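In structure tokens, the next block holds one chain alone, the form predicted alone.
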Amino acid sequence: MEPYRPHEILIEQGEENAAVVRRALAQLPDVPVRIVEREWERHTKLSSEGDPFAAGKRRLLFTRQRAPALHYCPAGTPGLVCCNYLVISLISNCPMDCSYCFLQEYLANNPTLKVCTNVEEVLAAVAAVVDRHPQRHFRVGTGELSDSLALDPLLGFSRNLVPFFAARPNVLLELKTKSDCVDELLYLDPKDRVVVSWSLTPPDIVDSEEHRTAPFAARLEAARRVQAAGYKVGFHLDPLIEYPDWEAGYRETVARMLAAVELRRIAWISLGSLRLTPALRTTIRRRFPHTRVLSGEQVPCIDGKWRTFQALRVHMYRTIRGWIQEAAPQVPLYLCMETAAVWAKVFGHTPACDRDVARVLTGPHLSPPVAG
């Protein structure tokens, strides 16, 4: 994939000498730089012309992270089965531009691509939580508000993250990506505490809907490389998109995915339906008028989001689950942001509690994570 190059670099006053700032400036010596005050964006009026969200992606702001270091994944919505996943947000917004991305609504009023300058302080706050509970197991990801690796060649955050989590036997870090930016990882030792995972849709959906991401084949090659370097890998067939040839497309996706890596070194595979708030549906129509992601039949669900109607998405889950389990029955498989009723229809049973889902992903001898 093409390396990210901003149109402008903004640095919060006082953060000029942060290590990540110095690294980025050394790689982008000809990009204009401006020093701004704290909360600069809050006092900056966004243009109503063109596409402010796309423009925000090309404006790179380095700023201190002042929010709590750890928080629960929003998948833990009442009424949905939760896997007790925790997230760290070191970056806000993403250099990629998938047509269905929730960030285009969630960050509509503050779309500047922000990078945390005080990563050591953030990790110290994480350590204060996880080291206080050595008997519990934490599963943590960095891919909620941005792709975990797309900016790694520029920022080098993996150099901070991998050694930190590799040193803690009660934590698993997941780096979730649609990129092929894995070079920084290959010389670090994950000690089996870091999972690198890829979001996958069929190749034709990648090409038409997942703009500025790595091609399908490049993602699989990157997965093969990190697995050879000692990492476990994961895959997220999420969102599942219904389109006229979805069954052939996902059959090819599963076959190529499982053929690309060692099955015994797959940490997990998740399945999740396309899910869109009403406001996001409106934004998608405006920004991507030729998209296929809105062509399927969707209905409002318990959390206020629209999903493929239940009978069809259960059919999709069952079909894809069958292909995966036939080829790789030992790989943990779970649903993301689904009800217990859908779990029962797909797997034949309902998880007794969220703790059961966490055990699928962390092992039966380990307790699920806590936030503090």
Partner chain sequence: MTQPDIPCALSERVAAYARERRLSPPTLARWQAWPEEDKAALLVLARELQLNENHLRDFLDWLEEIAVRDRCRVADLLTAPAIQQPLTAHTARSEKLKGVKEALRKIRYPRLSRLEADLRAAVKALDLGRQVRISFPPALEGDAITVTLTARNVRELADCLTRLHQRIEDGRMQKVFDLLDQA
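Positions refer to the first chain, counted from 1. Just so you know, these numbers come straight off a predicted model, no measurement behind them.
The protein also exists as the form predicted in complex with its partner chain; that form is not presented, and the subsequent description refers to it.
Engineer: Could you tell me which stretch in 93 to 101, 233 to 241, 289 to 297, 220 to 228 has residues with non-hydrogen atoms within 4.5 Å of its partner chain in the predicted complex?
Structural biologist: Only one stretch qualifies here: 289 to 297.
Engineer: Exactly one residue in 318, 58, 34, 64 has a non-hydrogen atom within 4.5 Å of its partner chain in the predicted complex; which is it?
Structural biologist: The residue from 318, 58, 34, 64 that makes the contact is 318.
Engineer: Going by heavy atom distances of 4.5 angstroms or less, which of 285, 191, 211, 133 would be at the interface with its partner chain in the predicted complex?
Structural biologist: Looking at 285, 191, 211, 133 one by one, just 285 meets the 4.5 Å heavy-atom criterion.
Engineer: Does at least one non-hydrogen atom of residue 347 fall within 4.5 angstroms of its partner chain in the predicted complex?
Structural biologist: Output for residue 347 is no: heavy atoms all beyond 4.5 Å of its partner chain.
Engineer: Taking its partner chain as it sits in the predicted complex, is residue 311 in contact with it (heavy atom to heavy atom, 4.5 Å or less)?
Structural biologist: Contact with its partner chain, yes.
Engineer: Using heavy atoms and a 4.5 Å limit, would one call residue 301 a contact residue for its partner chain in the predicted complex?
Structural biologist: Yes - in the predicted complex, heavy atoms of residue 301 and its partner chain come within 4.5 Å of each other.
Engineer: Does the 4.5 Å heavy atom contact test between residue 246 and its partner chain in the predicted complex come out positive?
Structural biologist: Contact with its partner chain, yes.
Engineer: Is it the case in the predicted complex that 71, 106 and 123 each bring at least one heavy atom within 4.5 Å of its partner chain?
Structural biologist: Result no, not one residue of the spot touches its partner chain.
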